[in-house]
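For reference, the chain that follows is the form predicted alone, supplied as structure tokens.
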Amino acid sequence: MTQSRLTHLDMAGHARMVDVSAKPATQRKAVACGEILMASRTLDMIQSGDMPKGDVYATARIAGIMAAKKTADLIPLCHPLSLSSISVDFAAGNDKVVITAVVTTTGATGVEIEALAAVSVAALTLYDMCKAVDRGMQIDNIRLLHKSGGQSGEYNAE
């Protein structure tokens, strides 16, 4: 979908929040993911519950959920949304943890940024919880996997 002008700028070129009042409310869903790479010892400590700061996954999950709820406070031109559901899940892999967030709502605008915010803050929280044992962790590959609902229809990453 190509647009002739930038939607977040007014005719004078000033930033503005897009008016979505005329858009119909539709079911919206976004799935985002990312990963944090770490030393195998760090991952072993997370998996065994031996990290000095406590339950890494529980803390990062709550942080990700809170980030999705507070996205409009973090991203200047994002609309505040009433979110229907938020999930943040973790999968341990080869010296990494993959983070996946799913966000849904029924509304006039999508939830892609909320899902990306959830993944980003969950990854930052994992880093914070584990930095005492591994300062070399690397947050990587944060991306949108899926979005549905709204005028632009469905998107699935390749």
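Only the largest set of C-alpha atoms that superpose within 1.5 Å between the two forms is called the rigid core. Please read all numbers here as calculations on a predicted model, not as lab measurements. Residue numbers run from 1 along the displayed sequence.
Here the subject shifts to the form predicted together with another copy of the chain, a form of this protein not shown in this document.
Participant: May I ask you to check whether T100 falls inside a 4.5 Å heavy atom distance of another copy of the chain in the predicted complex?
Facilitator: Answer no; every heavy atom of T100 is more than 4.5 Å from another copy of the chain in the predicted complex.
Participant: Please check if P24 has a heavy atom lying within 4.5 Å of any heavy atom of another copy of the chain in the predicted complex.
Facilitator: No, P24 stays farther than 4.5 Å from another copy of the chain in the predicted complex.
Participant: Find out whether any non-hydrogen atom of A117 is located within 4.5 angstroms of another copy of the chain in the predicted complex, and reply yes or no.
Facilitator: A117 belongs to the contact set for another copy of the chain.
Participant: Wondering, does I62 line up within 4.5 Å of another copy of the chain in the predicted complex on heavy atoms?
Facilitator: Residue-level check for I62: yes, a contact with another copy of the chain.
Participant: What are the residues of 103 to 121, in order along the chain, with a heavy atom within 4.5 Å of another copy of the chain in the predicted complex?
Facilitator: If the 4.5 Å heavy-atom criterion is applied to another copy of the chain in the predicted complex, 103 to 121 yields T104, T106, E112, I113, L116, A117, S120, V121.
Participant: When you overlay the rigid core, is the Cα of G136 off by 2 Å or more between the shown form and the other one?
Facilitator: No, the C-alpha position differs by under 2 Å between the shown form and the other one.
Participant: For P24, state whether the C-alpha moves by 2 Å or more between the shown form and the other one after rigid core superposition.
Facilitator: No.
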